[in-house]
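Just the one chain here, the form predicted on its own, laid out as structure tokens.
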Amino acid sequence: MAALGIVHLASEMSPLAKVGGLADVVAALAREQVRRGHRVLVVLPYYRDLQLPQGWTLSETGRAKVPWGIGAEPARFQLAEAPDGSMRVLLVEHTGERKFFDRPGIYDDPATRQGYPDNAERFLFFSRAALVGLTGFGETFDVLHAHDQQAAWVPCFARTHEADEPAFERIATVFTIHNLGYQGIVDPWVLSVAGFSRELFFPQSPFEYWGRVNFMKVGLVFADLISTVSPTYALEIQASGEYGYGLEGVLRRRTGDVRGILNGIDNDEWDPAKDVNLDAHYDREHLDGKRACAHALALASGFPMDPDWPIIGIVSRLVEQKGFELIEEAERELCELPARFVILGVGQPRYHEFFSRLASERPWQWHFATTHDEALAHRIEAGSDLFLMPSRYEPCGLNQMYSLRYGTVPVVRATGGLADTVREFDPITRAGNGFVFHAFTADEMVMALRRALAVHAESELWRLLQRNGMALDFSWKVAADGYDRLYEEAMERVAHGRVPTLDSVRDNF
């Protein structure tokens, strides 16, 4: 495939600004595309807490007035570049009175752990300003790739307000759903801020969702092609409201335009043979270093040194999606298991209180760290024997892939990308790489953990299971192949004039 000019528009990118897996995905995909020879630019909001990696440079590229309702809001654009020039990030700064991004945190106020009440305006401004910044950037691009509801207005603006702008006349748009559970649903006043008449707000219009405006729906309707982050999740979100969260009908109407591309992981950053965060290194053929990592994690967690009690790790956002209610329900049974638990996460107060109580009452068995600590996340992946992901739904999941690479056996619910990557281990055939439960119940989760502990007691079988997982390749190469094909298909549609417009979509959704 010929080299392309690709723009990723997202609210997160590791390590500059990270809350969850979106940041890792955007960064790793962009790096792989650069390695393939594509010319890549990532566009991010310029958050107050944004951290530039050492050696990166920052230079202003321009200022502009961004259309905003009947007026305009000022923006400044700065280009952050890696020392070798390979990675480039265009930072969108709001310089108006409310300074949308000059505040702590990304989505939430750290003081309250609640989302900022003006998040709709913040990310609507980001989408509109990003396109304004690109028009003055001095380069042409082939693909606009918008990620999740924070950038969902980008395909819409490219096909409406900016449709006659030369920079976007022949550009293809792709919209990726990373998590359909977060949609950006607000009252209809946002339409006037976005520059659209209320005449466009009527039942089944592209902007209407049960009497409100849904950012995610806007992206689904206006993008040339839609992708999501695993093949199973692509089917689940079209099948029922359990996974589609009210947008399953919109997705079914675009079913021919939806692709499921499994995320990859960065094999350079996540490599137990050279991970700088670890106390010891190891690989598939030399697993002794993993025992040293387990010893270090147990020591740091205040656990007694008992190698017969495996460590079960959890690194996650502490939200309902992740299935922590099953852990609450199974508290007694989990405390009776001959295992120890290390949890790293930030999220809902309910789960903070739950895990804090367990760690306080049973410090020999439970350890809870509530922080964003990337180094600790790596040490938990390496030092744990098992990794628990009891998700209610999981579009892709990255931690089960990190775990497999680190010889840490995943115990997961069969949903989304977890179903695509983890196979139940069979002690007889010795095939499989983890332990899987299907029904979203505490009993099934505990049974899966008990199966895992039974195999852990058989050291030779356990080593074989670890090596099964470590033999798999979840690098970004396969995923990037999928995106190359997706971009090529989207560009072909644009070349033949098959693009969504306001007229073509207004009565169809």
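The structure presented is a predicted model; accordingly, all values stated were derived computationally and were not measured. Sequential numbering from 1, following the sequence displayed.
Omitted here: the form predicted in complex with alpha-D-glucopyranose (GLC). The next part is about that form.
- In short, of 214-222, 319-327, 419-427, 159-167 it is 319-327 that has heavy atoms within 4.5 Å of alpha-D-glucopyranose (GLC) in the model of the complex.
- Though alpha-D-glucopyranose (GLC) is absent from this view, in the model of the complex it lies within 4.5 Å of a heavy atom of just one residue from 278, 131, 398, 91, which is 398.
- For the candidate set 290, 413, 178, 405, a heavy atom within 4.5 Å of alpha-D-glucopyranose (GLC) in the model of the complex is found for exactly one residue, namely 178.
- Residue contact check for residue 494: none of its heavy atoms lie within 4.5 Å of alpha-D-glucopyranose (GLC) in the model of the complex.
- Residue contact with alpha-D-glucopyranose (GLC) in the model of the complex: residue 229 places a heavy atom within 4.5 Å of it.
- In the model of the complex, none of the heavy atoms of residue 500 sits within 4.5 Å of a heavy atom of alpha-D-glucopyranose (GLC).
- A residue is said to contact a partner when one of its heavy atoms sits within 4.5 Å of a partner heavy atom; residue 25 meets this definition for alpha-D-glucopyranose (GLC) in the model of the complex.
- Along 376-394, one residue reaches a heavy atom to within 4.5 Å of alpha-D-glucopyranose (GLC) in the model of the complex: 394.
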